[in-house]
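One chain comes next, on its own, written out as structure tokens in the form predicted alone.
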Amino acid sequence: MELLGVIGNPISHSLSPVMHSVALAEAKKQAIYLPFLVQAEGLAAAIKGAASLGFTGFNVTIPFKEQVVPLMTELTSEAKVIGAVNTIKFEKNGKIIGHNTDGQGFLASLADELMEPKDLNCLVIGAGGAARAIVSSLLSAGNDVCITNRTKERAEKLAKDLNVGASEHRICNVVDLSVEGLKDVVAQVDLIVNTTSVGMAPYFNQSPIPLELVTSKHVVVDIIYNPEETLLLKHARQVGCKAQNGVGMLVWQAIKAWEFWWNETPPSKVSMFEAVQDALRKTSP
């Protein structure tokens, strides 16, 4: 019996057990996937213990994606660039390999549902861990990216970090989060991506950018998946945009984690989507 799980704090909200358990059952794998609540002071012991117990892998969620990095014996190129780990593989030779599938999951969900993520002008809202993964992947796929964030200094640091080694034609820029700062930029972009928490509780009735700037020419992705439709997505659809919430990215990053552990694809992404959507319906107010 193979052992897998997700670690975080809190952890009860995680949908990873729902997705992976469905996939494991369909694939008839002799494996179990469980959620583990870990305290910050016990993080190193949890990783070491999982390795000693012969775990196949972990997923990592808030707040440990950056904290686990120094506990890895090896990092994939994605994890190194992003500076965070959301997937761990424990190898029989003792190696503990840290990977990040968030950016890959975002690109795959975009290609699956909306458009091929290449040669686009993109605006990414936010400068946290999710933004870092998404911006890095967009740049690697051959897109131009502009970042806006409530704290401009964080956006500037993110752009500086990711511009190291970037092609001169694929450089990250930063713009002020205001109507004046955004107006000209938004008018030129193809893709708008919200990576912030604006749109979910307690910010249900708020948009991360002025809604009047979003027009039918844009493709809009909000990586929030609860609620299913944020104010930004509702407006985007009303004005005729192609739009997508965060369920696709959530499922695809799980698929990429599966591929990292076993070098194979889950038998059905549809079942994983349905499992997530069913779980969200049950938890919706």
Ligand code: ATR
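If you're wondering where the values come from, they're calculated on a predicted model, not measured in any experiment. From 1 onward, residues are counted along the sequence shown.
Separately, the form predicted together with the named molecule exists; it is not shown, and the next lines address it.
Taking the partner from elsewhere, G98 is found to have every heavy atom lying beyond 4.5 Å of the named molecule in the model of the complex. None of the heavy atoms of S178 is located within 4.5 Å of the named molecule in the model of the complex. Looking at G129, you'd find a heavy atom of it within 4.5 angstroms of the named molecule in the model of the complex. Proximity of S77 to the named molecule in the model of the complex falls outside the 4.5 Å heavy atom cutoff.
Heavy atoms within 4.5 Å of the named molecule in the model of the complex map, among the stretches 88-96, 194-202, 210-218, 113-121, onto 194-202 alone.
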